[in-house]
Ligand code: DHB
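Here you get one chain, nothing else, as structure tokens; it is the form predicted on its own.
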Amino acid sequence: MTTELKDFDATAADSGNRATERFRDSGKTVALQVPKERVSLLANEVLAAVYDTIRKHKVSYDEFNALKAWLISVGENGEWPLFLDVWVEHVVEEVSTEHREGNKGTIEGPYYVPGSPQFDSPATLPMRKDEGGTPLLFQGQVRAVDGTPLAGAHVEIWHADDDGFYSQFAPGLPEWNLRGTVLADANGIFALNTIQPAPYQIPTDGACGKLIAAAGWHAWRPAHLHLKVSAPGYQLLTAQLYFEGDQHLSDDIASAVKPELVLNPTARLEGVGNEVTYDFVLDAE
């Protein structure tokens, strides 16, 4: 554990508000031109599912008012991005990418920040001199479904540190700590040095934490690397890569783990720490 992080905790409200601000600045909130018929269809089906649940389980007014108060607190804590990304996004991702022939992806999560520093491969992600955790060499190739290497592909990566904190969402961390975009070489090959992240709990002192406690759930996510892999003319791949042996692979609070996304690092042949090779196959647009 790094000394710099022992003296603080990232509160749910602080992390949540940062995630909300990032989402508002992302351009994803531009109004869609959705036909009224589809809006009506989706809204009515969601409401019908709520009505069915109320009738089936005889929801009381006390429970209804508790829900109302909780929904208000989710907004006050800025935790709607966290709530939707943890409990809903994995199904949206599933149906949105079911047509793809290349690599499996998974959720983006609430802690993505665009515009990370770019580096030619091989590269080392920005990190502190005393960065905690096991060094990790992550390498592979980016290619098309037909096997064509994708020269200059962008491998954008971000992840939590050894204490489970993300830069720009927790105080005291350098702005781009453990965030970067690595450019693959002429053969689509990339290599980057970072540290192997640790499992972490999503913030539990806010509204989402209250739901977790009330339901008797746990708040843990398995350790993971976040990635966005892209090349001109190909569909963007958003993924998380996990680590074999993590105790939360089977009960990830975000339900985002897929067998194809689990890494098995081995000890480096040269140098300290671990290394792992993982290739990305992108679908054409």
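Note that this is a predicted model, so its numbers are computed, not measured. Quick note: we count residues from 1 along the sequence shown, nothing fancier.
Another form exists, predicted together with 3,4-dihydroxybenzoic acid; not displayed. Remarks below refer to it.
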Checklist line | 4.5 Å heavy atom contact, Phe165 and 3,4-dihydroxybenzoic acid in the model of the complex | finding: no
Check: Closest heavy atom of Asp85 to 3,4-dihydroxybenzoic acid in the model of the complex, within 4.5 Å or not?
Finding: yes
Check: Taking 4.5 angstroms as the cut-off for heavy atoms, does Leu125 touch 3,4-dihydroxybenzoic acid in the model of the complex?
Finding: no
Notebook entry, point to check: Looking at the partner-bound form in the model of the complex, is Phe138 within 4.5 Å of 3,4-dihydroxybenzoic acid by any heavy atom?
Noted result: no
Next item on the list: Would you mind picking out the stretch of 125-133, 167-175, 200-208, 96-104 that comes within 4.5 angstroms of 3,4-dihydroxybenzoic acid in the model of the complex, counting non-hydrogen atoms?
Entry: 200-208
Check: Exactly one of Gly188, Gly78, Gly109, Gly180 has a non-hydrogen atom within 4.5 Å of 3,4-dihydroxybenzoic acid in the model of the complex; which residue is it?
Finding: Gly109
Note to self: Can you list, in sequence order, the residues from 206-230 that come within 4.5 Å of 3,4-dihydroxybenzoic acid in the model of the complex, counting heavy atoms only?
What the structure shows: Arg221, His224, His226
